[in-house]
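Have a look below at one chain only, the form predicted alone, in structure tokens format.
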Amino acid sequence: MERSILHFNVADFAVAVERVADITLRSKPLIVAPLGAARAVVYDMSEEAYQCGVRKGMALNLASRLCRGSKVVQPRTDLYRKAMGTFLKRVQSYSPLIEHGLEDGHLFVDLTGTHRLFGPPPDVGWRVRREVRDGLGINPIWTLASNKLVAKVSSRLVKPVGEYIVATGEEQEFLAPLSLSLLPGLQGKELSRLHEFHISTIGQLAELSRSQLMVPFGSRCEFLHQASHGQDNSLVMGGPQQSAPIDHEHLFATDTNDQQEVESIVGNLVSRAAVTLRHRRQVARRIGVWIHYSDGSHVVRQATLKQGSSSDFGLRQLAMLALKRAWIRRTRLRSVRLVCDRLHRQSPQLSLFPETTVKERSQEKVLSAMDTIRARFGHSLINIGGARQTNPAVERLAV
């Protein structure tokens, strides 16, 4: 059976939501970035600001100089998540298989075999766009292809507004003239290496055999060969992208080597990661701590567990161990980043005999109560002692 994958993409999702909330923002370049932070970075920007050279992650001071006259607004992640949830509800009636992020405006919808219920997949694309535009005021791109990779490339091609259909069997022909920069999953080092070989289009990459790609790219040759031919057998996984590592970073307002401050910030990052893990019903077996020094150098160290954990207390010990291994210089720190990976699902099987101590069971009750409070009033309302609240203005989130 031919697969039918719809990809919806709201370009610059945060900007789109802000412009729906305040229509006066539609008439000027818009930058979404924290206000009042000495080292604020760009969270999102409008197409006008992008054309001026503004990019995500760029220092706000530089972005403001590049795009003079732009309006800067504070990120409101809760609002973006709420808008994403409403967008998702509009699509859920067409397929049970929807893969989506938390607040990025991207949805993959598997419509394979649904044409008798809802009509041809292109009709569903038009219908959903009309419903979302009329109901939410945002205008998503939609593209249709036989797999996720080609559908995503199509979205990048028509951004910021449009639609595109790639018929089954025409994937390689569609990709051939396109730039390599449009190919998802291609790493920066691989792109640079291909440019050294004077390969700039996907079609030129597709002309190379697996054995030719093996020499410079090793085990990545299979992915490069399949992607350049428009082949992607990955399934549309229902729900948020569960396999993605949990990644939080904090940029200090001023460089610091205050141990108490750094440890409290790491503790808060751990707390945020642990909440996400429990929400996903996952556990992490490894924590990595990235330390960026003020002189531009950085150090990465990791710590692992035999059995995964989603407890603030267990993960905090792991993170502090990684931090101790990484923090080996007296130079001030500019930022600290925490990544939880090697994720696994929590076992639904209950233990016949209790394997946790009284103290651990008490901690689970405390965390459960804190999660309830945070779900209702926000994460910043309550925290574990010693963990300093991070300023959302200088925290970057990439879940």
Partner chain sequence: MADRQDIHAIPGALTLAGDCRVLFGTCGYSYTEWVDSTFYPAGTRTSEMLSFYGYTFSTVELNYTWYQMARAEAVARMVRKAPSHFRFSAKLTRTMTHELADDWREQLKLYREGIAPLGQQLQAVLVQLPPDFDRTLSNRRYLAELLDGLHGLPLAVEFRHASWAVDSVFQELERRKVSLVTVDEPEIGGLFPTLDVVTNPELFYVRFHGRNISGWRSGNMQKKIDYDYSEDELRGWSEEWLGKLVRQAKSGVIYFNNHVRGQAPRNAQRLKKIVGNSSLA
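Numbering follows the first chain given and starts at 1. Please read all numbers here as calculations on a predicted model, not as lab measurements.
From this point on, the text means the form predicted in complex with the partner chain, which you will not see here.
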Site check D255, E261 and L367: each within 4.5 Å of the partner chain in the model of the complex by heavy atom: no
Interface residue in the model of the complex among E196, E222, E207, E173, criterion: non-hydrogen atom within 4.5 angstroms of the partner chain: E173
Contacting member of A326, V158, L213, L136, with respect to the partner chain in the model of the complex [4.5 Å, heavy atom]: V158
Residue stretch of 118 to 126, 277 to 285, 182 to 190, 70 to 78 approaching the partner chain in the model of the complex, non-hydrogen atom distance within 4.5 Å: 118 to 126
Any non-hydrogen atom of E249 within 4.5 angstroms of the partner chain in the model of the complex: no
Partner proximity in the model of the complex: T168 to the partner chain, non-hydrogen atom cutoff 4.5 Å: yes
Partner proximity in the model of the complex: D104 to the partner chain, non-hydrogen atom cutoff 4.5 Å: no
Contact test in the model of the complex: F217 vs the partner chain, heavy atoms, 4.5 Å: no
Residues within stretch 137 to 165 having a non-hydrogen atom within 4.5 Å of the partner chain in the model of the complex: W142, V158, E163, Y164, I165
